[in-house]
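Just one chain follows, in the form predicted alone, and it is written as structure tokens.
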């Protein structure tokens, strides 16, 4: 049993920066590095890529991340835990082995699977968001259960250097090494609740070191171009201290920690994960100075009898067109352009959306009455069941070049197939994790 474990978080989403994780591995004194790279829509899109090519479906940045991290991980004896397997953890593990062989290094990789439950759900099951059958949303593309810590625990116990998963609840990536390192029981829910608090604080990487927190002149954060990502020192009683590598950018204090603690928390008394229902209401934060915050408290109760399932479906094709107007009367010209496009497309697109970016695209016009920008960009968007019809939106915006109003430029047009997401629940006994070990 260890006296202390240090876990770093080098990525908080799929497109996160690559360099902070390398800093953590080389200078952070870690035992474990977590890369949390999976969101609800991310895995549905990954399932689409896997359908097109059975060797794909893992995170698009996996190869670049492993290329830079593999040797430093092994040299510094840091274990990697990541959900970059997305829709295809086995293919991801095989790709890592391929990279290891090319670099002539020895590594053991564990792929944790079992989260893909598309063949185990009933399309008539109710969606949590709508109360209607899942299939009513559209043709189903994917269904992935949020697994918990047990699969990762098994992989650690089998001494895997790299553990790659599909859909696993974010805090579970962090509490698995705590459970192994400290010998926690899977039914000691108070400890699991404390570990979940720490995992939740860590899971978004640069958010707790000041990234998402920053607001110039109000909440200033130094060195944001070289923002450091966090690590947490954890003790057997579930207490932790969150910090970052010295001489990296960012800040860790009570404000950043409190904002992250409340992030995506609907009910702080009952934060559901596959491992525990955590209670955040007794958490105590103490600023130790020097970009260190101590975390104590938190508790938990018995885990739920079901797993949450993220279900992806084919929603629609989105057609978009953009054009810029600048100079005198720019806003009026942009509004006229939008009215022209609406008039021409109203019969084909009853839900057409027209935004003036810089004027009302995020907040509506009521908050912009005193704001008349010198330049503005018109965006028109409409959804359609077909690619061809969706293309009409961009075509009409492009036609504004010569059909007026005057002075428009910089047209861009796009069509993309949109994947929608709903959720449902599946009984725990219908889901089983599997471990596949590969060695180079």
Partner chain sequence: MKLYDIAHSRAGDKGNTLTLSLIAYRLKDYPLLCEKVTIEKVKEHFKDIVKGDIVRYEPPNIASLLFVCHDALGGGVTTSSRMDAHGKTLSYALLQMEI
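Numbering follows the first chain given and starts at 1. Quick caveat: nothing in here was measured; it's all calculated off a predicted structure.
Quick note: we don't show the form predicted together with the partner chain, though the next part is all about it.
Put simply, of 379, 49, 413, 392 only one has a heavy atom within 4.5 Å of the partner chain in the model of the complex, and it is 379. Note on the partner interface in the model of the complex: the residue among 128, 226, 118, 362 having a heavy atom within 4.5 angstroms of the partner chain is 362.
Stretch 310-318 is the answer when you ask which of 89-97, 341-349, 310-318, 232-240 has residues with heavy atoms within 4.5 Å of the partner chain in the model of the complex. The putative spot formed by 56, 60 and 104 is not touched by the partner chain in the model of the complex; no residue has a non-hydrogen atom within 4.5 angstroms of it. Not displayed here, the partner chain is kept clear of residue 177 by more than 4.5 Å at the level of heavy atoms in the model of the complex. Taking non-hydrogen atoms only, residue 218 approaches the partner chain to within 4.5 angstroms in the model of the complex. At a distance threshold of 4.5 angstroms between non-hydrogen atoms, residue 427 is out of contact with the partner chain in the model of the complex.
Although the partner is absent here, residue 40 is a contact residue: one of its heavy atoms lies within 4.5 angstroms of the partner chain in the model of the complex. Taking the partner chain as positioned in the model of the complex, the residues of 272-303 that bring a heavy atom within 4.5 Å of it are, in sequence order, 280, 281, 282, 283, 284, 285.
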